[in-house]
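Encoded as structure tokens, the following chain is the form predicted on its own, with no partner shown.
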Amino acid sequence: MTDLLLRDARLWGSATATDLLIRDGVVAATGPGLHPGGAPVEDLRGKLLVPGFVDAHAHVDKTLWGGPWVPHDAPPGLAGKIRNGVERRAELGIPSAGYMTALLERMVADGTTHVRSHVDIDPAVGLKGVEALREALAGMDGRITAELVAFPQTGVLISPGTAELMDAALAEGVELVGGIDPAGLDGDPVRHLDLVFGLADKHGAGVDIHLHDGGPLGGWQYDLIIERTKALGLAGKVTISHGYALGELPLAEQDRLIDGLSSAGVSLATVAPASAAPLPLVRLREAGVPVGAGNDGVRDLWSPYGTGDMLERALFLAQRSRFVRDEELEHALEITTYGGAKLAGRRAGFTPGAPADFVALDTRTPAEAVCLRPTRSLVVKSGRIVARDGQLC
């Protein structure tokens, strides 16, 4: 059933409670005293209603969630973590559709209604991660939607055969082509980006590039990405993930790059890492640059941390940015909802025609929700109740 009347809901941004009517999985109307017209009625009793959370940067294929505890033993640095991940995959049975399903179930129970997941593709694993994640998503029966990124974790130019596998994944319907540190890992940013954007142009795909390279080197690669986005008319379809350099450069250079991102229609995704300079979130919002957030890896060979909870991620964003005022805390919440939706090219909110993806929170204000992270009272996906009180339905 995708028809539902949410009675006495306090819509985020509204001072008083009202009703919200859902028909065929989208918002049909809002207002007091709406007639259900045969739709089931759920009384929220004044609880706060926010759009469903969007995890805009995940690695669901890597997870060990639901499996045995695996002590972290990866060497330090990007190269060491990449090598450890490749060497131990077979031993631990990953990619595993079972582990992915367990994590997706937890994410849904915590209010995530859409996820963008980067999926490792390389000659050793082939397209097994794509196949396993699709199997896991099918088992979720529409409780969460997803878009996949063909992600070259081990590099493209330095990993022969990877580009051909990415091409095959995109031909089979994977929505975005990924990249990773065109200079720092692959050693040739121009060739790397030409290949990645060439695949995007060939398949009509989006682009999402991991950019850990910092300082001026990272800033230069921002310019290269902006340049290619404009040249191919890919506004709204390109994301830079992590993008540490933007928070490290002098303010004048930050402003120049922010203007470039805005004019090209390039978005950013952050995981609010504890060890990197935070992105200038306020100035990015003022410039109209979409910013989404994600959990990155959750309990995998890269890190023992993570729960899949996007409300927790909003807290991390606020803490890393030293947000304390209510409007600042709401900004963090906005990034995990509206921001992620915009990055993914999706609508979000309470206007007629918007997807009926919502989370009900028993809290007095959005700012309090970020600080307290209450159990999700209700999660609605496409007009269907998919979780209640932190448990999957």
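In case it trips you up, residue 1 is the first one in the sequence shown, and so on. Just so it is clear, the model here is predicted, and its values are computed rather than measured.
This protein has a second form, the form predicted together with a further copy of the same chain, left out of what is shown; the following refers to that one.
- a further copy of the same chain in the predicted bound form comes within 4.5 Å of no heavy atom belonging to residue 288.
- Residue 68 belongs to the set of residues with a heavy atom inside 4.5 Å of a further copy of the same chain in the predicted bound form.
- A residue is said to contact a partner when one of its heavy atoms sits within 4.5 Å of a partner heavy atom; residue 72 meets this definition for a further copy of the same chain in the predicted bound form.
- Shown alone here, residue 315 lies within 4.5 Å of a further copy of the same chain in the predicted bound form, counting heavy atoms only.
- Only one of 212, 128, 299, 203 lies close to a further copy of the same chain in the predicted bound form, with a heavy atom inside 4.5 Å, and it is 299.
- Though a further copy of the same chain is absent from this view, in the predicted bound form it lies within 4.5 Å of a heavy atom of just one residue from 155, 306, 184, 247, which is 306.
- Comparing 226 to 234, 118 to 126, 248 to 256, 307 to 315 against a further copy of the same chain in the predicted bound form, the single stretch with non-hydrogen atoms within 4.5 angstroms of it is 307 to 315.
- In sequence order, 364, 365, 367, 368, 371, 372, 373 are the residues of 364 to 381 having a heavy atom within 4.5 Å of a further copy of the same chain in the predicted bound form; the partner itself is omitted from this view.
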